[in-house]
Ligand code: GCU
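The chain that follows stands alone, in the form predicted alone, written as structure tokens.
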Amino acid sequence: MSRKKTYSIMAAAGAVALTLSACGGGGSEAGGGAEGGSTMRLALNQTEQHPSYITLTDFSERLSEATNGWDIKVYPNETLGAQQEALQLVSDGSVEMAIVSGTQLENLNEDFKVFNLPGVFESIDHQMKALNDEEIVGELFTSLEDENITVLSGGFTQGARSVYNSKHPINTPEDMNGLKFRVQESDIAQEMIRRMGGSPAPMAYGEVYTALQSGVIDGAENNEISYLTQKHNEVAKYFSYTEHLVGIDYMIINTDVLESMSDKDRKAFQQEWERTVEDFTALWKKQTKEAHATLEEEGAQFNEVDKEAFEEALAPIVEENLDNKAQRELYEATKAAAE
């Protein structure tokens, strides 16, 4: 694996301690092992209407029934901080679990960027097939355990991500010139916007609505469900189907907590997580169709783009970001999973 990058999140642990104290904590302290489980706190940046919250709540209920005392308290809406903070909090054990975007894990191990390259996944089904294949992801997903973070196989798809803005429809890369788009905090995410013609503006997810409303940014890139649940359609009505990336959210868990589970409970945990991934994927596809219909009713304007022009603009990013043999092999194995 490539050399890991690290960063500090000042005062994150103190902030979450205050939050959890105000909320009454997350239940008994995690780490019950064979003697019994506990309530694990899970940081999420989505709303209660998002498929992530719905399926994670169901996950907790099933986990409670299937194990000796393990369940999950989901904290939505960035209650426990933005995703960069969540990574640090899971690592130090202040929070037991979190859902984090694929771009966040690049900051700990650059090999994760392979799954954030444009075109690496041809569809949601291809993505899920690859991310559930231990031969493809096994070594990568355990590579953060010296940081006390385990990435669970599978994950939650973000679907195809496209651009939206408050100014006008986007048809070609030239239409993005002069517009500032929010992106996730990663070099590849920023480069994709540059190559597509826009100016990237990295910022936390929870800040996007206000930034759009105030004109600090002109647009963002995301999927239809997040576009609706975050109400970004209220302040940026032009949604253009660039579909430049099939994004991924990972489930991460504190490694010590995972290893403290009895063999029986850990097996049940894994089985219920696998079911949760399947449930989420099915719900995602259903809610995407429903979100599109609702957005049209609320006045969002959708349009197709010149896909060939955008694909041509993005093509160099793949070759420029496969930095070593491990990354090339991971990319090739992932692409082969589509066959």
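This structure is a prediction, so every number in the text was calculated from the model and none was measured. From 1 onward, residues are counted along the sequence shown.
Here the subject shifts to the form predicted together with alpha-D-glucopyranuronic acid, a form of this protein not shown in this document.
Student: In the model of the complex, which of 127-135, 257-265, 155-163, 211-219 comes within 4.5 Å of alpha-D-glucopyranuronic acid (heavy atoms)?
Tutor: Result of the contact check: 155-163.
Student: Of 190, 226, 88, 109, which residue is found within 4.5 angstroms of alpha-D-glucopyranuronic acid in the model of the complex when only non-hydrogen atoms are counted?
Tutor: Contact check passes for 226.
Student: alpha-D-glucopyranuronic acid isn't shown here, but in the model of the complex which of 249, 243, 175, 147 has a heavy atom within 4.5 Å of it?
Tutor: The residue in contact is 249.
Student: Would residue 233 count as a contact of alpha-D-glucopyranuronic acid in the model of the complex, using a 4.5 angstroms cut-off between non-hydrogen atoms?
Tutor: Residue-level check for residue 233: no, no contact with alpha-D-glucopyranuronic acid.
Student: Against alpha-D-glucopyranuronic acid in the model of the complex, would residue 182 count as a contact residue? Criterion: heavy atoms within 4.5 Å.
Tutor: Yes, residue 182 sits close enough to alpha-D-glucopyranuronic acid in the model of the complex that at least one of its heavy atoms falls within 4.5 Å.
Student: Should residue 116 be counted as a contact of alpha-D-glucopyranuronic acid in the model of the complex, where contact means heavy atoms within 4.5 Å?
Tutor: Residue-level check for residue 116: no, no contact with alpha-D-glucopyranuronic acid.
Student: Verify the contact flag for residue 94: yes if a non-hydrogen atom of it lies within 4.5 Å of a non-hydrogen atom of alpha-D-glucopyranuronic acid in the model of the complex, no if not.
Tutor: Because no heavy atom of residue 94 falls inside 4.5 Å of alpha-D-glucopyranuronic acid in the model of the complex, the answer is no.
Student: For alpha-D-glucopyranuronic acid, considered in the model of the complex: do all three of 39, 60 and 67 come within 4.5 Å of it, counting heavy atoms only?
Tutor: Per the other structure, none of 39, 60 and 67 touch alpha-D-glucopyranuronic acid.
Student: Just to make sure I understand: among 66-86, which residues lie within 4.5 Å of alpha-D-glucopyranuronic acid in the model of the complex, judging by heavy atoms?
Tutor: Read in sequence order, the lone residue that approaches alpha-D-glucopyranuronic acid (within 4.5 Å, in the model of the complex) is 83.
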